[in-house]
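For reference, the chain that follows is the form predicted on its own, supplied as structure tokens.
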């Protein structure tokens, strides 16, 4: 079905499927966030040793056979679980859906390191004889793998690809879906982000070498954005995918509409490999507001990116201060304090944690903020306890990543 361009502009979220370290459904995830329950735990990975991480415990066999799980990747399994759950959440009649008009757009921070590390470890037992290298390695490590595994599982014959956008990737997946729906390239999109990062010892070693890996005697307190004693990132796995449709089609089938993507933006710092740039971040937020035709004081809730790195949190707070200068009514929170940094899935998961606020007007808190860093103090930051707001009509979701990639998505109530 080809839709006239004038009917393609309003894009809505109608379903969500997720797995997070503290919940395997939107309801479980939301309940944990409102209850202040962390999903970070002790974790040990070969070569690196003991650390902390956000670990998911979803049922891989709910939507896959054992053979499929063995052949594929952890990121693929996360994606398949989230995609199937999102379709069920949206009430999509999948058996009768035209699969050629469905698109799959999945954001990742990285892909292939886990599988390569595993293969090198396995052939060590064979004196590194490459004849024992898995013939599944190439399809496991190609960049489009997570989206491709979802497409294979669901029988999707429309466009699929994975977007490498560092830790801005969850938002990037949503933005790509909105654009493809508006262009008429598909009629239904599955989009968001996934991460298998905790399976790679190289990621832990890399952050450790940057002095950016969190440590705390209590794992549940290790992720502490904005806190004076924060000392780095808690690496997490997870995934979150949404079903997106044109508003007219969602209404025609009587779908429950979770929210409308009313604005978005992406830009680049172009200043450093890892150090963020507050000015560029502020510009990204301002571009998203302009696209949505909203002023900063019309945003009710801001989901911060804050990873709990010393410079990252300060730079984002500078950006927030520039955009919300003098604005007191907007509330701010952080989800990484509960689950750690889910990398490519972070933006999509953090939006999912806040999305119910459009209906119940409750802002979940930031936890582990015991001694606020004066450089990170932000009027309206919700801490420790959920806060009921007078109004929640617009949520702004920040996600920023290495090599200076920034993304912002604004979702509004319909």
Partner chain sequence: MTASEIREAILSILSDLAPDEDLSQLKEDVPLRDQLELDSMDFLDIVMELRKRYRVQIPEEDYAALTSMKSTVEYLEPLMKDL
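Residue numbers count along the first chain shown, from 1. These numbers come from a predicted model, not from an experiment.
This protein has a second form, the form predicted in complex with its partner chain, left out of what is shown; the following refers to that one.
**Q** Which one of 182, 84, 97, 71 is close to its partner chain in the model of the complex, taking close to mean a heavy atom within 4.5 Å?
**A** Result of the distance check: 71.
**Q** Just to be sure I understand the contacts: of 120, 252, 275, 125, which is the one whose heavy atoms reach within 4.5 angstroms of its partner chain in the model of the complex?
**A** Here the answer is residue option 125.
**Q** Just one stretch in 48-56, 24-32, 353-361, 63-71 has heavy atoms within 4.5 Å of its partner chain in the model of the complex, so which one is it?
**A** Selected stretch: 63-71.
**Q** Should residue 112 be counted as a contact of its partner chain in the model of the complex, where contact means heavy atoms within 4.5 Å?
**A** Heavy-atom contact with its partner chain at 4.5 Å: absent for residue 112.
**Q** Looking in the model of the complex, any heavy atom of residue 134 within 4.5 Å of its partner chain?
**A** Result yes; residue 134 sits at the interface with its partner chain in the model of the complex.
**Q** With the partner left out here, check for me: in the model of the complex, does some heavy atom of residue 164 sit within 4.5 Å of its partner chain?
**A** No.
**Q** Taking heavy atoms and a 4.5 Å cut-off, does residue 158 contact its partner chain in the model of the complex?
**A** Because no heavy atom of residue 158 falls inside 4.5 Å of its partner chain in the model of the complex, the answer is no.
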